[in-house]
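Only one chain is given next, in structure tokens, and it is the form predicted alone.
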Amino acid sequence: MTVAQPTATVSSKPSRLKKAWEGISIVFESRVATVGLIIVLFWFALGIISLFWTPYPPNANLFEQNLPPNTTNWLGTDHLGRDITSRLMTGTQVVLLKTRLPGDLGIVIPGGVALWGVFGALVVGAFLGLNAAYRGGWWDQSIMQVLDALVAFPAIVLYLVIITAFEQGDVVVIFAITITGAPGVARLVRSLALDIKTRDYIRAAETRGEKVSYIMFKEIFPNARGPILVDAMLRVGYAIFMIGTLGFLGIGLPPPDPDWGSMVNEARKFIFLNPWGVIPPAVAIASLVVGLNLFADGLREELTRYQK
């Protein structure tokens, strides 16, 4: 009598696409995060559309466009007769979608000034925070002393010093966002790494003789990515608000593409003649920053609940 041998079941690992969808689906479990994501995607979509089409040329007034004075503009015109809708759409590009490199060639790279600035702050801050936490000793002391000195200065002062030291440009604003944002990221990464480096799998990696760089960037950093991702979303909102502040002060992103802060500044001078010109760009800045904050808050709540 022969006994049937049990067949071994092959466990299929989930595909990368399925893993990615499981990560994205966490957002939709939170209403707050979903609302924030919708607001952010709206501005992204508006910026992408503006790359190919705007109702009118954003920097041309009605006279230059050879249009009659009673032309229909969805959000009206500013004090120079320029279409506000077209300028809002174009302003989304420089914040979220493209960065203009210095020079007369007009070279543009994908990714807005706010995104590249926050990415630079994450790279610099994560590198400094991981080294300070894992290496300890004089590494920790020297790195944190320098970062504390930077934190002692108000962010707006650092922005003004950096931008006035160089010429206006997208790259200079990115550099300013990186310098002002790196200390906060480094502090967060350091606090997370100090806890993670005491785990057993870190001890196992050290026993195997892994390099310090491998342990920091392959073992510690991936296990701290949740709080870092949430912090990055918040920092994008701060960067957008700061770009608007610099544009309002007249030292932000240079022309020809308009940014929302400079639109508010130009309309402010003629607020008694055309008060409507101030409202759309101010609402644009506020709505995008609020959307990013809602998305980050909802994502943080879901990640915390998921970890529990």
Partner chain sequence: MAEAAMDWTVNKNLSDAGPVLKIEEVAVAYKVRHGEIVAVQNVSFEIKRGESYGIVGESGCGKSTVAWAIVNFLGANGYVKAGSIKFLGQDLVGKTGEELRKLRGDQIAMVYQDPMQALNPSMKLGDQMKEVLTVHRGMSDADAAKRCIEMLDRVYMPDAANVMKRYPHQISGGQQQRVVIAMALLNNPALLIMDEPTTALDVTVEAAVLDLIAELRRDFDTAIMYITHNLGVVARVCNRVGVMYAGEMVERGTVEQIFKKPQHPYTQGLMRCVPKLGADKASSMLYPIIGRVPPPRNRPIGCIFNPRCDYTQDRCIEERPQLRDMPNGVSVRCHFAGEIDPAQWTPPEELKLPSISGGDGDNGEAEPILTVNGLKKYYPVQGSSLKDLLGRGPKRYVKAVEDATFSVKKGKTLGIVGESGCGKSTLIKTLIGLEESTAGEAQFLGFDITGDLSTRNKQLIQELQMVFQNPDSTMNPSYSVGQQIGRPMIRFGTVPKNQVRDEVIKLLQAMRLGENYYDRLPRQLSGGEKQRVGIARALASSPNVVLCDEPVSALDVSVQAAILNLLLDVQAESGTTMIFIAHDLSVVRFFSDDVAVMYLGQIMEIGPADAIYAPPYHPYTEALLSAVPIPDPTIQQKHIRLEGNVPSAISPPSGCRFHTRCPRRHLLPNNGKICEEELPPWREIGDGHRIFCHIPLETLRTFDPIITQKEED
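The structure presented is a predicted model; accordingly, all values stated were derived computationally and were not measured. Positions refer to the first chain, counted from 1.
Heads up, the form predicted in complex with the partner chain isn't pictured, but that's what we're talking about next.
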### Query
Heavy atoms within 4.5 Å of the partner chain in the predicted complex: does residue 72 have any?
no
### Query
Quick one: is residue 214 in contact with the partner chain in the predicted complex, heavy atoms, 4.5 Å cut-off?
yes
#### Entry: Close approach of residue 139 to the partner chain in the predicted complex, 4.5 Å, heavy atom
no
### residue 218: touches the partner chain in the predicted complex, heavy atom cutoff 4.5 angstroms
yes
### Query
Heavy atoms within 4.5 Å of the partner chain in the predicted complex: which stretch among 198-206, 88-96, 72-80, 122-130?
198-206
### Residues within stretch 25-40 having a non-hydrogen atom within 4.5 Å of the partner chain in the predicted complex
29
